[in-house]
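In structure tokens, the next block holds one chain alone, the form predicted on its own.
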């Protein structure tokens, strides 16, 4: 029996390592080819470069206008994170603490947004009516609105695990509703808030379709569209394309590595109770 369990454990580990290598191989391929010459990168092999071509990254930054697009992506991501996290947390707190029939319906309608597809025609009309199409504030509001349902779902479950006695004690001590939320509840739900912030940042940074539809000016494009535009100009120089992809993916990788422990704890805690 012990031998059988050991063999099963070894088999699971081998399978996990095999799948991990298959998933990470494209990333390794892109990273290696970003340091090659154009001729070497054309082969798209895992062979190490004969000479490290660090100037590939300098060329990409200058020709691909990554400085401007980086600031655009950072602006969209940061403000979307702040807006979406704040509104989702406040909505989840109210809906979780006051579970009236009306609030349950509101919560259901919000969470239903996770499964509903985006109607781009109707969304275009709404943004045109509000005069926020092709504007930075418009894309920020759009990012925040689209990610609110999932964030409310996560935070709602987390808040539900906090005893209501804490709220009652704080109110007796003279806390106003805002003081109760920001001084008492927010510190207690920090893990899920960090999870929401990291996931919102990653989703916003990686988004490609929404800015393609709703940002017509190239000076407002995020880095994902800059990669698309750069590939159109230098589709034969795979070393430059790979360098562009590496620079675009680097902020996402850094943010994920810094917040991965919060993502695991927040997702686990939020999934226990609905």
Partner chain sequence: MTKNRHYPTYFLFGTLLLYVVLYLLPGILGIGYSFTDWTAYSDQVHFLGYDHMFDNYVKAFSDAKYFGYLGNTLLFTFVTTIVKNGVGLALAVLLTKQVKLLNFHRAVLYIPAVLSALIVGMIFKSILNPAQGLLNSTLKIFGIKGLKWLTDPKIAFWSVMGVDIWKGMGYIMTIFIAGILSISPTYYEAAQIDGASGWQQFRAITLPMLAPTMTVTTVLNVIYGLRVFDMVYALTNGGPGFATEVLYTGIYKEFGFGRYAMGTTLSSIMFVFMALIGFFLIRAMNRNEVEE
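Definition used throughout: the rigid core is the maximal C-alpha set that superposes within 1.5 Å between two forms. Source: prediction; values computed, not measured. Residue numbers count along the first chain shown, from 1.
Same protein, other form: the form predicted together with the partner chain, not shown, and the subject of what follows.
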Next on the checklist: in the predicted bound form, does residue 146 come within 4.5 Å of the partner chain, counting heavy atoms only?
Outcome noted: yes
Checklist entry - residue 97: heavy atom within 4.5 Å of the partner chain in the predicted bound form? => result yes
Next on the checklist: So, residue 24 and the partner chain: in the predicted bound form, are they within 4.5 Å at any heavy atom pair?
Outcome noted: yes
Checklist entry - Would residue 234 sit within 4.5 Å of the partner chain in the predicted bound form, counting heavy atoms only? => result no
Checklist entry - If we check the partner chain in the predicted bound form, which of the residues in 164 to 183 reach within 4.5 angstroms of it by a non-hydrogen atom? => result 164, 167, 171, 177, 178, 180, 181
Next on the checklist: Is the shift of residue 12 between the shown form and the other one large enough to count as movement, that is, does its C-alpha move by 2 Å or more after the core is superposed?
Outcome noted: yes
Next on the checklist: Once the core is superposed between the shown form and the other one, does residue 250 show a C-alpha displacement of at least 2 Å?
Outcome noted: no
